[in-house]
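In structure tokens, one chain follows: the form predicted alone.
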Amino acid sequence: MTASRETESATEPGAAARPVPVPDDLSAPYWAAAAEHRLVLARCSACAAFAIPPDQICPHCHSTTPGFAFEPVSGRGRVRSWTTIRQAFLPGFDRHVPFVLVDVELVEQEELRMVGRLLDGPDAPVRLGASVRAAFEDIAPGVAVPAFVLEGAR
């Protein structure tokens, strides 16, 4: 993902739209799968490690020809950290605050971390090590963003 554009329709007149991802060549498979509510991650063909996000060089083996291929993952993981966002610093998030951002280590690989919204709400009983699974926010037609929910909460 390289930038964002604002296409989400705001629900209130005059309210800013939430930015949506604009995929680039490297991230297009990730966003296409997310739109279908599937989580796929880039795996390096040289060392077989997942990379979030994929880049021109593998962050694990430093291959300059990582040949990333996207593979489905479970979306399950454990909370490493979290914060509650109480002030919107980006346009379009005013109506979403407060919300919780979680830093999750996915079960597929040690140190494979994703950050996303916790969709259980700001009062959810989140704790270190809590089990979560991927969920998806539909933010525009054909556009979904990976997020998380507490296991057993929904």
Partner chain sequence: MSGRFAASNKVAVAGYAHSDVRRHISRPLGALALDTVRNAIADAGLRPEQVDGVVAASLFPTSGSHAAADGVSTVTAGWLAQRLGTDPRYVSSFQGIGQIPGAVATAVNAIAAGAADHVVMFRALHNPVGRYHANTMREAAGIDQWTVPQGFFGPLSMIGLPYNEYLQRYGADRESMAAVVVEARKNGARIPWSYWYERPLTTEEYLAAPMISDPVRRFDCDIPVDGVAAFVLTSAERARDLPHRPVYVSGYAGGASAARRLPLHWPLDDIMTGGEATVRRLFEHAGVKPEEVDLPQLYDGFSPFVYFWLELLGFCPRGEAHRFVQDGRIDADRPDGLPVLSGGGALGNGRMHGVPQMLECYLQLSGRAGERQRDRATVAVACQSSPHYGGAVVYSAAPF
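This is a predicted model, so every value here is computed, not measured. Positions refer to the first chain, counted from 1.
Only in words, not in the display: the form predicted in complex with the partner chain, which the text now covers.
> Can you work out whether Glu36 and the partner chain are in contact in the predicted bound form, taking contact to mean some heavy atom pair no more than 4.5 Å apart?
So Glu36 does not count as contacting the partner chain.
> Looking in the predicted bound form, any heavy atom of Arg76 within 4.5 Å of the partner chain?
Heavy-atom contact with the partner chain at 4.5 Å: absent for Arg76.
> For Glu108, is any heavy atom within 4.5 Å of the partner chain in the predicted bound form, or not?
No.
> Val20 near the partner chain in the predicted bound form, any heavy atom under 4.5 Å?
Yes, Val20 lies within 4.5 Å of the partner chain in the predicted bound form.
> Let me know the one among Leu90, Ala69, Ala48, Cys61 whose heavy atoms come within 4.5 Å of the partner chain in the predicted bound form, would you?
The residue from Leu90, Ala69, Ala48, Cys61 that makes the contact is Leu90.
> If you apply a 4.5 angstroms heavy atom cut-off, which residues in 38 to 72 are near the partner chain in the predicted bound form?
Those in contact are Ile52, Pro53, Pro54, Asp55, Pro59, Phe70.
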